[in-house]
Every structure is written in structure tokens, then in C-alpha cells.
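What follows is one chain in C-alpha cells, specifically the form predicted on its own.
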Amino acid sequence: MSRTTGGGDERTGRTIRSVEIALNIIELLQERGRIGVTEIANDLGHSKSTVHSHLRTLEKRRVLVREGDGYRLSLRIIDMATRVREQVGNYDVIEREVDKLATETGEIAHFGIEEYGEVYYLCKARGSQSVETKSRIGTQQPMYSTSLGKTILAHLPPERQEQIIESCRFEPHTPHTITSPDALYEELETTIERGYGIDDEENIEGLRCVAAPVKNGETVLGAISISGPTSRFTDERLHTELAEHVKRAANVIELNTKFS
């Protein structure tokens, strides 16, 4: 996770340094758990007095809790996360369908949405024979190398789609990763034609995924997917049984959204 520092005002397009420091501290505690002032100062490159002032402010606002000689994120973060999640319409339906998909297939199921040109995991469930991945609720992945991302990207308005693709760095996560805009546009066309997107070992070697879009009219709300090892996600099963599973789940969410 990258961290930045800066200063200035809105007229120059620069950011407020004190806010960035505070957010960098929160991100560091998110990664490390409980840590002390010295470790935070050394990691972020600020003086201990600067870090201590920010910690006291965040503690006063009950964002952090002091424990012994260290600090951790407070339970207030859970309340914030819950309220953000509830802003997504029909979250209960989404969660139910993700759980059902994982149970039916025995694999990992996800629901993702697009923010800042990346796909963020909103919901995750594990089936009885699932292979664990690094994905966690709230974390993000590239859109060009994931089934969720490509499926959402394929159904975005052309201007937004082009904007995201132009900003892609196209890092080759595996030998199978798409690494050019032309190849990605071609893949998006295929995704539209068949009604679902795939990740063919493009993000993690040995792992394949299939995803279906969840739409409200012409607006794509997100996508739902299942992931598993190549040994179980054969071509035949991927493009028939598994694709039907995600399309069925997407349809249920869409119907509940339409008539809610």
C-alpha cells in the first residue's frame, strides 16, 4: 500500500499534509496491528513529536485506542465499515447469494464493485473445498487481470471504460496476464458476447475465476464470481456449469434490485 505526503491547497491540486499523515498512520495500523510511536515515526519518516500529535488527535476522535506503549485501530472502524457496506443497495441479498454460490460449488465466491478504477471486494464466502487466496473484504485488485474487474469493465459506459484502461499499468502478474489495451478491449468484447468474464490464471497461477455482471437496467452495479484451482476449473466446467452458477446468482440479485 503506497503512502504519500504533501501540502498546499485545492487551487494547486495539492493535498493537505496533516490529513495525509493521519491517513498514513491509520493505514499502517491497519497493516501492522498494535505498534508504538517510534515504529510509526521510523516507517513514515516523520518526527516522533509529529506522529504523537496526530495519534493524540486520532485517539481523541476515538479512531485509535492506546494500549500500553502502542496504538491500535478502534472498534469505531467497524461501525464505519458497516455503514459504508449498507450504502450498497440490497447488501443482504448480495451476501446471501455469495454464500449460496460458495455452498453450491464448494469454492470461493466474491462480489465486487468498481472504485477508483479498481475492483474492490464487497463480499466473500468460502466453500467446503475452497483454496484460500489473499482476497479480503475491502481490498482491491486490478480490473484488467481479474474476472470481476473485466466483467464490470466490459459493461461500464465507454468514456469510463476508456478512462480506466488508459490509467492501467498492465503489470504482468503471471505469464497469462493481459498486458496491452488492445488485448484487453478484445477480451471485453468476448466478455459481452458470452455474458460472463474469466480470469485464466491471469492474477494467480493455478487459479481460474468466472464472473457475471450484476446490472440495474443499463447500469452495472458490480459482479459476482467463483474462483478455484485449474484442476477443478476445467474448460468444459468453467464455460458451462460454473458460468451458469454465477449467471443465476447475478440474476437473483438483479431481480431483487429491480423490484426492491
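In case it trips you up, residue 1 is the first one in the sequence shown, and so on. Treat the numbers as computed from the prediction; the structure is a model and nothing was measured.
There is another form of this protein, the form predicted in complex with the DNA, and it is not shown here; the text below is about that form.
Student: Please check if residue 229 has a heavy atom lying within 4.5 Å of any heavy atom of the DNA in the predicted bound form.
Tutor: Although the DNA is absent here, residue 229 would stay clear of it in the predicted bound form, with no heavy atoms inside 4.5 Å.
Student: In the predicted bound form, does residue 217 have a heavy atom within 4.5 Å of the DNA?
Tutor: No, residue 217 stays farther than 4.5 Å from the DNA in the predicted bound form.
Student: With the cut-off set at 4.5 Å between non-hydrogen atoms, does residue 18 touch the DNA in the predicted bound form?
Tutor: Flag for residue 18 set to yes.
Student: Using 4.5 Å between non-hydrogen atoms, is residue 206 touching the DNA in the predicted bound form?
Tutor: No, residue 206 sits far enough from the DNA in the predicted bound form that none of its heavy atoms falls within 4.5 Å.
Student: Quick check on this chain: which one of 52, 32, 61, 194 has a heavy atom within 4.5 Å of the DNA in the predicted bound form?
Tutor: Partner contact (heavy atom, 4.5 Å) among the options: 52.
Student: Quick one: which of 198-206, 231-239, 40-48, 218-226 gets within 4.5 Å of the DNA in the predicted bound form, going by heavy atoms?
Tutor: Among the listed stretches, the partner-contacting one is 40-48.
Student: Decide if the three candidate residues 120, 124 and 136 all line the DNA in the predicted bound form, where lining means a heavy atom within 4.5 Å.
Tutor: Contact check failed for every one of 120, 124 and 136.
Student: Looking at the DNA in the predicted bound form, which residues in 143-176 have at least one heavy atom within 4.5 Å of it?
Tutor: Nothing in the stretch sits within 4.5 Å of the partner.
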